[in-house]
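Next up is one chain by itself, shown in structure tokens, the form predicted alone.
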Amino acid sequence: MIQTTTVGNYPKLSSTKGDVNIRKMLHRFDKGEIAAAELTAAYDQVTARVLREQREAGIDLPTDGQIRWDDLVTPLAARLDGFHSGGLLRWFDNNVYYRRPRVTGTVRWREAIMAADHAKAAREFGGPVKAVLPAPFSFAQLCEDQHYRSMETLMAYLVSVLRSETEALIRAGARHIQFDEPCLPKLPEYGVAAIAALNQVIAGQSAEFWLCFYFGDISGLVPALREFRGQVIAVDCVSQPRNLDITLNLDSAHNRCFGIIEARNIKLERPEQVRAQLERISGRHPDAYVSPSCGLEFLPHRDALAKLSLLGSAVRAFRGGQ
């Protein structure tokens, strides 16, 4: 049966009057007007809202919306040894920026970073919630390496810390863990090395592991993808429409997740268009997932919610009301 999921982040600011405004709470915390406990409570309230909205929209496997995360790599780097905060850099071809971490010493894992918040989100949702981490190759590409000055060496250290973080997530109950690899489609010559590094992260561990691509054409990665030892390959089928056919026809035993709802444009898809895609996908992969094309934080809250509701209602109708 076709299932629905989200990719990662979700709008932090609600369009509903009276909801917690996490930006204002952060500002008050920075000015010393509220304590850390009040900020934590605010994060929890926003995360609870995000999970509730996904449930109400009909999303089978949500993320926690990454409400505590400014971007894919900075929150991890800030709690690892060997990193310092760097300058702002554009996030791919989007009109948002991230603070590029600088590698200035030996990279080491100190403590579980996501486990407690993940367990809290799963309790709040009342079922599995998908955890999201950067894959080692994209993590390395998104950093400025001033220490190792070798991508291969930096990746080896990132494999070690990501493996420790993955083990901690699994101990905390995580059953679905997604690794984001947005840099690899533009550098397919590193496909074999990147997939091998990710396989080292997940080797011998028990969970459903996802490899997720967005913002790029995956055609140059097809041979390497067959070597991925996880369970699900997730692909943005909107920014590169040819990715839909490539993913449909990929010669591998992996389950697939098709990102068919545009997550960077407020224009709402037509229900008949979504249904036609569901018919194509289910004809080849009846147990596939479908999702937005990437994280929904590029959209205003009300538009993100409309997209999710469309996805949920279209799949529910396609499944005969289930």
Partner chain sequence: MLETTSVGSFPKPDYLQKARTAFAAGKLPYAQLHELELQATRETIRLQEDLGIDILVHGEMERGDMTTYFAEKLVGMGISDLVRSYGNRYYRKPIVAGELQRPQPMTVEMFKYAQSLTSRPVKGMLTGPYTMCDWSFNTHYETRREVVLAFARLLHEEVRDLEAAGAKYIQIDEPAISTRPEELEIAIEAMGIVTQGINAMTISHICYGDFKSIYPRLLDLPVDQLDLEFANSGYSNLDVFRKPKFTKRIAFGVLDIHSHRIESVDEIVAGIRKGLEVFDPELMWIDPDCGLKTRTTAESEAKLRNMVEAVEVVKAGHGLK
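As the structure is a prediction and not an experimental result, all values here were calculated from the model. Residue numbers count along the first chain shown, from 1.
One more form of this protein, predicted together with its partner chain, exists but is not displayed; see below.
Asker: Counting any non-hydrogen atom inside 4.5 Å, which residue from R102, H176, R163, K120 sits next to its partner chain in the predicted complex?
Answerer: None of the others qualify; the residue that does is R102.
Asker: Honest question, do L13, R23 and D70 all end up within 4.5 Å of its partner chain in the predicted complex by heavy atom distance?
Answerer: Affirmative, all three are within 4.5 Å.
Asker: Evaluate A78 for contact with its partner chain in the predicted complex, applying a 4.5 angstroms cut-off between non-hydrogen atoms, and reply yes or no.
Answerer: Contact check for A78: no, nothing within 4.5 Å of its partner chain in the predicted complex.
Asker: Looking in the predicted complex, any heavy atom of V192 within 4.5 Å of its partner chain?
Answerer: So V192 does not count as contacting its partner chain.
Asker: Does D251 make contact with its partner chain in the predicted complex, using a 4.5 Å heavy atom cut-off?
Answerer: No, D251 stays farther than 4.5 Å from its partner chain in the predicted complex.
Asker: Against its partner chain in the predicted complex, would H27 count as a contact residue? Criterion: heavy atoms within 4.5 Å.
Answerer: Flag for H27 set to yes.
Asker: Where, among 86-94, 132-140, 166-174, 107-115, do residues come within 4.5 Å of its partner chain in the predicted complex by heavy atom distance?
Answerer: Looking at the other structure, the answer is 86-94.
Asker: Counting only non-hydrogen atoms and a 4.5 Å cut-off, give the residues of 116-142 close to its partner chain in the predicted complex.
Answerer: Contacting residues: none.
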